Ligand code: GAL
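Let's start with one chain on its own, the form predicted on its own, as structure tokens.
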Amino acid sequence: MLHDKSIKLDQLTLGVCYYPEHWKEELWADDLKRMLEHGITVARVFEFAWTVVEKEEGVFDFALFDRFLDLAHRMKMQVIMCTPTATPPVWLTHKYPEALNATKEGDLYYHGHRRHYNYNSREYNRLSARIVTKLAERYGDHPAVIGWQIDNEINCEIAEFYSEADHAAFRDWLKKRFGTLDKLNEAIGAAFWNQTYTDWAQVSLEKKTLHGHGNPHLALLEKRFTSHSARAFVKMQADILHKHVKGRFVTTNGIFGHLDNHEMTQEGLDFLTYDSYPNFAYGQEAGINAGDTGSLKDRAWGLSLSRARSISPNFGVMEQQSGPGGWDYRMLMPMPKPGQMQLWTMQSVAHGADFISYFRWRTCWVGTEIYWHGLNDYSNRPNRRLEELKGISALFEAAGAAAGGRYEARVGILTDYLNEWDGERDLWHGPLDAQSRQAIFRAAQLSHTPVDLVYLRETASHQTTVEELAPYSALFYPHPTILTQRTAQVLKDYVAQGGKLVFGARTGYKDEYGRCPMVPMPGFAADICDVEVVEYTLARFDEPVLNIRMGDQLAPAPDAHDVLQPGSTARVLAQFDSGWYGGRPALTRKDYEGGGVAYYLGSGFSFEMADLLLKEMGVRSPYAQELTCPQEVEVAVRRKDGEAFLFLLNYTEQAQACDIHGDWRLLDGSSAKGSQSLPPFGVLVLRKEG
């Protein structure tokens, strides 16, 4: 059964990341006082402070955090405690080097950074369990502590693990999964290139190979195993905390690779919190938003927030960007412009966040993150960002009742972990899928069509049902190369009950291990769409981009092309306009008796094609009768207990005007009908009954 893993708050709440161990104790009271004056009521602490309480193995001293938590309680500041396992102490890795992660070549990642441990070291699990237990026993019922964060950003920095402990645990995991070597060899296609295993001792995670890549099917299993290991590590800590911290929530922060974050949350967390850094769009690593985002820039971060919302419909943000960012050697990001801190904060709220914790209170004066700025600069003097925070606090107070409201979307973009992981290796569909997802999101954003990112799941704890998909009028599943029979049946049932579904090129020709069975393409999708892929090709780099002609409209057909043969129940909506398959079907439609429709697009999704499909399915611009806004303004609605909250977000440096037609009210209760102006990077929140 799928449980609602949402944060439970009655009021929008502000917090901040704070590191009392970094600052002189005489600063603490003034820091907490100023936090409260700026509307911050929650501080997150202890995420990297293991050595502070355990300077030597088994020798504990809690005095510093005893004093801080008691001070926080006296000053009515609430606290989120973290477990410190993201940065093991030097004494630990020196004495127990088996706790360290390693490269494919077997070289250890030594001390000096963070997240340099592995999840399968027995010693590291033992010592982690002990420090978590000690903290939970001491602070589990402390009146200042309202919740706990496990570790920090699971699988951030690195999501590959090759220590000896990992190799041994991988073999054990495969034995439990397959039972025999014959079944493993069959699953990974070991007959190819003479890769058949004859003894379990021969089996390992990937090691250094020619060109850097080994068996692709074993590599996909490796990612499943990495997810299993990370989740087990989180669950170990969650089980300890739940035993000792009754009445306090347990969460972790961030969404990172080779980890089924949905399963992790279901297995041991109360909800997920996310780390929101839209300023990546403007830094030297802006490629994080690579794909057909056009002019979205920081607005594209909404797709990342949608990912968090797919796990916890109401979530928290444990780290919200408040200043320029960067370590001393990478991730360089500029100072947010006036208004952008508020814009990014309310972007998170609009997408479902009810708790926003800024990173960080004061910029650190030592270490790798000296350029990752917080609300306060090194000088600790008043600044523009703190002044902006006062306005954010006032807006949170006025719009606080939106907490608990659910983001409203009738269009979904489907995805799943297996295709994401397989696409990291398989260049025939991975980059295409990322580009198409961004193109669909961009078309939805610029037409004011809210969308959800929806994960299809087939796990031990949950399998997606048609009832979960039924609230969506339309679903895009861009390029599900791996499409199982069960998932295909759920999607067919969705269409049969009136839903509209769009597949793209490269659909359905792989099984769950990434193998290509001897069946016509697009595999199980053929029955849904009544179409066969008779040939496929990548676009030629030396030829112009092909177009698809749909009536009198042209749309680019990027990267991959499927040559389609529709069956008797499918009709052709569009054709390729050139190339050796010019005039052949490029988009087909199959209608179902219940009003549902299944589409197959024989290419990648361009922005133009995604926009045409939104129109074709009749789901574009659902709030057109309520308001008229320029493309530059994002429109989002959250609904709660018969009341709707409308968020209008201006991502430009120019004022933008929206015309309000519906019966919306400003937060002070007055009518909002007519023209409403949003200043540069401005935010407007409206509300109404119904």
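Residue positions are given as counts along the sequence shown, with the first one as 1. Just so we're clear, the structure is a prediction, and the values are computed from it rather than from any experiment.
If you look for the form predicted in complex with this ligand, you will not find it shown, but the lines that follow are about it.
Taking the partner from the other structure, this ligand in the predicted complex has a heavy atom within 4.5 Å of a heavy atom of Trp327. Using a 4.5 angstroms limit between non-hydrogen atoms, Trp50 is distant from this ligand in the predicted complex. When this ligand is considered in the predicted complex, Arg114 lines it closely, a heavy atom lying within 4.5 Å. This ligand in the predicted complex is approached by Asp275, whose closest heavy atom lies within 4.5 angstroms of it. Every residue of the trio Glu153, Glu319 and Phe359 has some heavy atom no more than 4.5 Å from this ligand in the predicted complex.
Note that among 87 to 95, 598 to 606, 510 to 518, 145 to 153, the stretch whose heavy atoms approach this ligand to within 4.5 Å in the predicted complex is 145 to 153. In summary, among the residues Glu164, Glu186, Asp493, Glu369, the only one with a non-hydrogen atom within 4.5 Å of this ligand in the predicted complex is Glu369.
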